[in-house]
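Quick setup: one chain, the form predicted alone, written in structure tokens, and binding and motion questions come after.
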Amino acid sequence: MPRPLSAPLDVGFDYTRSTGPTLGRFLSDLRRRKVTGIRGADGRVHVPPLEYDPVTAQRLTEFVDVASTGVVRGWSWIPEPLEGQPLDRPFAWALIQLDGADTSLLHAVDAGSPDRISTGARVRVRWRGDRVGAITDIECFELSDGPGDEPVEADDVTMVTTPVHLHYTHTASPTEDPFLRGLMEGRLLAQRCPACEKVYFPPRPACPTDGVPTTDAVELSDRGTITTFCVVNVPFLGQRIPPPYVSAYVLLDGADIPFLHLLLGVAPEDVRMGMRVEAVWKPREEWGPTMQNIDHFKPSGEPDAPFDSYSQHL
């Protein structure tokens, strides 16, 4: 029996958002080498600042400057840092109560060894030289009972972009493996539920209706019917083609569940429900264990399918 297919995957995107008055003030001040908290309804100063009081849920507006020095309230040693962590050498994650604050901030302490850090140790911020208005403007904390650095002038921060990346190795399940191997041969393999006889494409290991394994393999054609569609007019990162274009749900002949794919070869204003389409495959030498072997769908030229033929598959 061949080993299941597996491959490294890298999922990533840039998350961009506006900051609002509370987070914007906090990030702007970090850029200025300042740390800002906010006073809660019970008089406590929270760092990082909260938008709403954790007890009364009232909106909080009284910003309070706190020091960039403080005390370690608890810590955990990290002997082997992971990708994306603040330091690439052993360090301590620590809860740090800054002078003037009543809550603790989680950040890294560059202590050198676990023997040098302890609860109650005095620390101060080590600022990053190139600050952009992010929590990473604090490169880390360092052990010191000296004063913090003086603030500097900097522009306000109103928008932030946070890159998100996830690296992992995916191993195909017993259902995925023959599906992916079929794609490498230009075959579209689905699974049928033995109870309700619905045919799922892409295949599912179990029928969501009956809760039983889908044990019967079914090979489908690469022709189908458009059940629904949308015209994409908004550009975004990683887009294959410039908008406008059509993303459509295609119900392959013999399947009971449509799947989303790209529709080309027709003007967006001419696309309609019931349009018959066929797959346009990439050159065979480019095939791999992926649905991207089908570059897109295009109109097949057949008459539109009657609504009753796909009305139960929307």
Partner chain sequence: MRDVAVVGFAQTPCVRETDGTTNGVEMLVPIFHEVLGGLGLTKSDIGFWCSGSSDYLAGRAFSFVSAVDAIGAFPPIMESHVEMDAAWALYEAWVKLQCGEVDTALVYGFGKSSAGQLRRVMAMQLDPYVVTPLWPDSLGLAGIQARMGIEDGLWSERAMAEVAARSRAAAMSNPLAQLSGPVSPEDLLDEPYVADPLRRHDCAPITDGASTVVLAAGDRARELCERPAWITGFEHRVDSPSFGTRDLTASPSAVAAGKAAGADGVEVAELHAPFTHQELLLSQALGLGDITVNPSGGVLAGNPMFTAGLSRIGEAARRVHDGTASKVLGHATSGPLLQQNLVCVMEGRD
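Under this definition, the rigid core comprises the largest set of C-alpha atoms superposing within 1.5 Å between the forms. Since we're looking at a predicted model, the values are computed, not measured. Numbering follows the first chain given and starts at 1.
What comes next is about the form predicted together with the partner chain, which does not appear here.
- The putative spot formed by Cys193, Thr228 and Val234 is not touched by the partner chain in the predicted complex; no residue has a non-hydrogen atom within 4.5 angstroms of it.
- The stretch in contact with the partner chain in the predicted complex, judged by heavy atoms within 4.5 Å, is 84-92, chosen from 149-157, 240-248, 84-92, 217-225.
- Remark: Glu197 does not count among the residues lining the partner chain in the predicted complex, judged by a heavy atom distance of 4.5 Å or less.
- In the predicted complex, Thr19 approaches the partner chain with a heavy atom inside 4.5 Å.
- When the partner chain is considered in the predicted complex, Arg59 lies well away from it, no heavy atom lying within 4.5 Å.
- Using a 4.5 Å cutoff between non-hydrogen atoms, Cys207 counts as a contact of the partner chain in the predicted complex.
- This chain appears without its partner; in the predicted complex, the one residue of Pro48, Pro258, Gly254, Gly40 with a heavy atom within 4.5 Å of the partner chain is Pro48.
- For the stretch 146-166, the set of residues having any non-hydrogen atom within 4.5 angstroms of the partner chain in the predicted complex comprises Val160, Thr162, Pro163, Val164, His165, Leu166, in sequence order.
- Relative to the superposed rigid core, Pro203 undergoes a CA displacement of at least 2 Å between the shown form and the other one.
- Once the cores line up, the CA of Thr175 ends up 2 angstroms or more apart between the shown form and the other one.
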